[in-house]
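One chain comes next, on its own, written as structure tokens: the form predicted alone.
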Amino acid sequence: MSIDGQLPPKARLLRAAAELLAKSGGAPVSTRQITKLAEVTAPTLYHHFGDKEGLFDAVVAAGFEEYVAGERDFAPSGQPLEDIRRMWDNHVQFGLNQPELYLVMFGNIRPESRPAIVADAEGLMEEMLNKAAAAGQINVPPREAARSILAANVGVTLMLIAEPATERNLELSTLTRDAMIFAVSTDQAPGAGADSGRSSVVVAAIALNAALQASNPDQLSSSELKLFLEWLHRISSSNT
């Protein structure tokens, strides 16, 4: 491993920490390892980040800022599900472009400890799915859809990162992406029948739920809105 000596000390520390964390396999990473790889002294680390944990927090924060920029770096098409496809592709490309950083952000998962970064990434996905729900295009609540799609997105990206670059088959990503979006979409295959998806009443409830949460209409009091959303959630969570 080597770090570009032309980078400023702060950038070298961030990159060194990201590389060491990604390749640590869960083992502790010492301040000495970081400063040695970054070719700086310990006081330089303390000056910029306070301590080692502050540096690790900065690594994740910087990675998430870049990730968010990629997820939002396109003009909405007016077709929410198409935008979800683009978000998926951006996510995969981010992971392949910066595998060490991606592994720090999404690969270091501990049992029964859900990283805030995952919740934030789901929030980005849910924003777009709320638009799809308001348009009656999905058959499950946006939060459930976001969790399912992001889980698949992360899994595919980690699989592709683990493969030699020359052997990566990006068709795996495309097939999984389209299967996940179809699974939450109101579009049904010809001849699928009424039992293959939620009823139109459920789809309408999901759409109205998303629209109400987005607009917070003045004609309903906060208690009335809360009660109405609870009813809609109950309807949209049913299997009938």
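Counting begins at 1, following the sequence as shown. Computed from a prediction, not measured in an experiment: that's the story for all the values here. If you superpose the two forms and keep the largest set of C-alpha atoms that fall within 1.5 Å, you have the rigid core.
The same protein also has a form predicted in complex with the DNA, omitted here; what follows describes it.
Shown here without its partner, the chain carries 159, 163 and 169, none of which come within 4.5 Å of the DNA in the predicted complex through any heavy atom. The DNA in the predicted complex is approached by residue 29, whose closest heavy atom lies within 4.5 angstroms of it. Using a 4.5 angstroms threshold between heavy atoms, residue 64 stays clear of the DNA in the predicted complex.
Shown alone here, residue 33 lies within 4.5 Å of the DNA in the predicted complex, counting heavy atoms only. The closest non-hydrogen atom of residue 40 lies within 4.5 Å of the DNA in the predicted complex. Shown here without the DNA, the chain has 48, 50, 51, 52 in 48-70 lying with a heavy atom within 4.5 Å of that partner in the predicted complex. Once both forms are fitted on their core, the CA shift for residue 177 between the shown form and the other one remains under 2 Å.
Taking the rigid core as fixed, one finds a CA shift for residue 65 smaller than 2 Å between the shown form and the other one. Note on residue 162 and residue 53: their C-alpha atoms are nearer in the predicted complex, a change of at least 3 Å from this conformation.
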